[in-house]
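Shown next as structure tokens: one chain only, the form predicted on its own.
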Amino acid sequence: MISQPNLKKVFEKFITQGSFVKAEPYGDGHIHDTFKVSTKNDTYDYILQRLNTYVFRDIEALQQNISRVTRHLRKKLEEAGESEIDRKCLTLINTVDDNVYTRDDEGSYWRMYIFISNHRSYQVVQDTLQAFQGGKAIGRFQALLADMPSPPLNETIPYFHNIENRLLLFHNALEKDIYGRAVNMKEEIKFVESRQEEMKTILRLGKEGKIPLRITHNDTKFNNILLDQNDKALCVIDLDTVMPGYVHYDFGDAIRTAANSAAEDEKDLDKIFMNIELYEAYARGYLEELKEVLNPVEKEYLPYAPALITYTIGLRFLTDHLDGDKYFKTHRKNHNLDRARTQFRLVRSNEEQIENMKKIIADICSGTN
């Protein structure tokens, strides 16, 4: 555990209002060590994060992306005459030596944001209003970034949603089976291999030039969307993986969590299904903000995105389980295997409802419903 004096020392490397009172662990993110810093003098509180350099090897590139994206979002919100922009866009805090990250005496990397107060976030969506507002949040996020000028953003995690690469990493881990875990995942291996070719469809469309690379968030699980106290869309957070991608990655990952009937590590698979009403509500909010931006092929293949990304995330959990749980934080034995099983059950639910999903998107895009 990092001591309060050390956290205070890191905090003081940043240009802030108010003075350090205390820092406490915050949230349940899988990757970084996150603390909420309380201050005095009636000023902002802050989010202080020690960055995971196993996952993010190039901190300069990571922070450059976040700085560019947040500055562009702020500019667009200002141009639109929005109020309370510090609550609608993450604010990255500069260091006293005019950088957007710092290092402590042990060599760890740190960054800091203004803490967004009076927000709500959900692991599980509770109603269609929340799903609709979540869709609006991600749709608007993508729409605001659609005109961000060159150069392209850095790839903070190369091949992040590239299913061909994820399958390669999985099969390499399976072949090595360093921890002898493959014997207990025969059904999961069969599931992966039976679908691996059809899951390459979005990537193939991109290679054929039928869908464009855009700026995408790439980690749109629902708890990365902040809602206000009335459950209205407020802010999209966790910008580590904002980089070039296909819109299907964001839509698919959002549905994976927004329309899931339970948490992503639920062990009782009978509780897992995709709620079609939440799917429709999210899709309506999302396309309300983004429909005019997307091309016809992008819209046509949105219904296939949830299965792709849910399959991909399940594959990542399974690969990490084989590798000894190095990427995702785990809190119990076989946690990543449980997560993978949950994802694969959700893929089956996507597949069972694909015709309804296609009709919903077609109706929204045509304005017939």
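Don't overthink the numbering: it's just position in the shown sequence, from 1. Quick caveat, the model's predicted, so the values are computed rather than measured.
Note that the form predicted in complex with a small molecule isn't included here; everything after this is about it.
Taking the partner from elsewhere, Glu280 is found to have every heavy atom lying beyond 4.5 Å of the small molecule in the predicted complex. Contact between Tyr44 and the small molecule in the predicted complex is not found at the 4.5 Å heavy atom cutoff.
With a 4.5 Å cutoff on heavy atoms, Phe115 counts as touching the small molecule in the predicted complex.
At the 4.5 Å threshold, heavy atoms of Asn224 reach the small molecule in the predicted complex. A heavy atom within 4.5 Å of the small molecule in the predicted complex is found for one listed residue only; from Thr342, Gln49, Gln63, Thr319, this is Gln49. A heavy atom within 4.5 Å of the small molecule in the predicted complex is found for one listed residue only; from Ser38, Asn334, Ser67, Thr34, this is Thr34. Annotated contact segment (heavy atom within 4.5 Å of the small molecule in the predicted complex): 235-243, selected among 235-243, 187-195, 125-133, 204-212.
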